[in-house]
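The form predicted on its own is given below as one chain in structure tokens.
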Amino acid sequence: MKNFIDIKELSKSELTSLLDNALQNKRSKKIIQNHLNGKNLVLFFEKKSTRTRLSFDIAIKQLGGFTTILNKEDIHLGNDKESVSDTINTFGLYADGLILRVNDHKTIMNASKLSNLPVINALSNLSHPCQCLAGLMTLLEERGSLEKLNIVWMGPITNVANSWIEAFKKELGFSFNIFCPETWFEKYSEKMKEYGISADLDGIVSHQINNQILSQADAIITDTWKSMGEDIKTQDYDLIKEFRVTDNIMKKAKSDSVFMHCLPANRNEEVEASVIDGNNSRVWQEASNRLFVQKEILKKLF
């Protein structure tokens, strides 16, 4: 594995191995390792970050490496300044690897083509694979296996949703259902078609909440409605409200169903405060697992 860009590029065995190793590493409580052996990785953040920045920075240092963290305001990258190719080539002069959190997925793809260094996708408008891996690890930690788990995604399609669809396609044993406003149905369908999944025939995507499916849910996942800073129209916003994760929604699921969210969250918008702060919420466990899955990504690349 030269780069880590999308879950779809991992084989099923690579994915399951990464998750198993991350969980084993967490349980062993080993901290200092020397897999990076003094290597310096550039973390470039075109978008603001809290958990991604902290987890990658600490993961690299725990593996014996060093970090150089740059925000978009720190460098010359921009249409009227320096090109992506010149910026990536410059990074390559001084660093051993690149971790990019960007607005446009094309930036990551271009970086992987332009640079001989390992490139890691720390978030783009199209995918957020590290977050999805942390979610999968959380479920594995909770239930011991992903087999026969019923996972429900609520709300519009986001980069995190895209990564969950890619994970679902790997046939890890869990079912995946999406409840979203009708206005997002076409976007989900297009994503499904990439993998030969019929969103309509297979009943994966529905613009109505199916209480029968919900009653079997082991996990309910959502994301901020303003993902990647999207400007949601007022009429669409009104449609999404039906797909908030509320106490009532959680009560319709299994009694031990867990709630997950990538954070940051807008309480009482996409999720009620009583849900995200309740006993069935695993958002902080999921956030902590970012450290362990990212350490495994780094170990595989180096």
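Predicted model only: the values in this text are computed from it and were never measured. Residue numbers here begin at 1 and follow the sequence given.
A second form of this protein, the form predicted together with a small molecule, is not displayed here; the remarks below concern that form.
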Which of 23 to 31, 244 to 252, 61 to 69, 261 to 269 lines the interface with the small molecule in the model of the complex (heavy atom within 4.5 Å): 261 to 269
Exercise: residue 51 in contact with the small molecule in the model of the complex, heavy atom 4.5 Å: yes
The small molecule contact in the model of the complex: residue 290, any heavy atom under 4.5 Å: yes
Close approach of residue 131 to the small molecule in the model of the complex, 4.5 Å, heavy atom: yes
